[in-house]
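Only one chain is given next, in structure tokens, and it is the form predicted alone.
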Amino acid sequence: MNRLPNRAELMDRKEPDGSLPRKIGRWYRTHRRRLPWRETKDPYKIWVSEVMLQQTTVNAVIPYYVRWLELFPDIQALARAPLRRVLKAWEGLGYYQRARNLHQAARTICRKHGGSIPAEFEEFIALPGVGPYIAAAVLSLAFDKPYPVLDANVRRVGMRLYGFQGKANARADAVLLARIRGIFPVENGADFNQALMELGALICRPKNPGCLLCPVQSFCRAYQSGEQEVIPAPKSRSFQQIETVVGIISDQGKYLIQQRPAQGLLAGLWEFPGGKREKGETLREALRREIKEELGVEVRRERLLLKLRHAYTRFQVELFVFECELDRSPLPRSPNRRWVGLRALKRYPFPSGSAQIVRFLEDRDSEKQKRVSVGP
């Protein structure tokens, strides 16, 4: 159960004096990482980085961020781009709704705000996909607005600093934001936000925090009580285990792919036909049922090609990939189904499992080409 300070305790506690933000600021100026989105005040570029960094590590984001800005250098370029190209640029980052929201927000900005990102909180937070954290971060870092941010790193720093026991939740967030506002500097608020986030990323880590190197160790209630390893309490996270079967169907050098529905999990992405293995089915039975349900045809012959593992959202998936021959062709026509050559597959956005299959097919084709060039 969370142990949050009540109103009387908040009134009794003496807030850390102004030396806390000064110490964090000095540490940040010396130890901060040079990250591409910290070299700009462009609200679009900062916004893109903050959306990418949700649920993703800094090292994973950097190449995507650089590539994204090459493809969509400003809000107008993003608004003009077709959604498929946007999703392809996002491929591998996961949580694709983030990309869809960015794209929709860019179009809204160009339509309603003349292509200029709003600098006012109420207007900015009304955009698709913009919540309190994104709004505070972009307005603070790009426009120097006095909004404290509360991401996972800042939350962890704050809970340890003020000794909030238990799991993070909305009540804890509300109290933390009030405490941070109480020490938020009048000037350089953007640097203070960055400093708190950096402190959480480099020193006040979830496991094995570097307390001996922390610039505000003397203010930290968790360190003083020896509870820094258990604050905040870890979230319980369970994954559903799923087995899926996928059919690789080719015809004259082209592969059959289909588009997922416009709503729901992995909406709008492309994939190879297949689906979940039901209880009691063999893999081949599952494959034949899925192909019949999705394509309306029977599988004549199948061969296990490879097995993959990947995870997304709340699922851990074991993917069994079969090369298939069908009983008849052509297939019934569908606007969400296409025959695509190997090179052209690169233009389609796939979930991570299907993207791994595409890379396997590319590698296999490359090996075939090498053998042909070498000869017998």
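Just so we're clear, the structure is a prediction, and the values are computed from it rather than from any experiment. The first residue of the sequence shown is number 1, and the count goes up from there.
Missing here is the form predicted together with a small molecule; even so, the following discussion is about that form.
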### Query
Only one of 341 to 349, 33 to 41, 303 to 311, 64 to 72 gets a heavy atom within 4.5 Å of the small molecule in the predicted complex; which is it?
33 to 41
### Query
Which listed residue (220, 141, 257, 231) meets the criterion of a heavy atom within 4.5 Å of the small molecule in the predicted complex?
141
### Query
Since exactly one of 319, 331, 53, 326 fits, which has a heavy atom within 4.5 Å of the small molecule in the predicted complex?
53
### Task
Classify residue 281 as contacting or not contacting the small molecule in the predicted complex by the rule of any non-hydrogen atom within 4.5 angstroms, answering yes or no.
no
### Query
Hey, in the predicted complex, does residue 203 get a heavy atom within 4.5 angstroms of the small molecule?
no
### Message
Within 4.5 Å, heavy atoms only: does residue 133 come near the small molecule in the predicted complex?
### Response
yes
### Query
Does any heavy atom of residue 244 come within 4.5 Å of a heavy atom of the small molecule in the predicted complex?
no
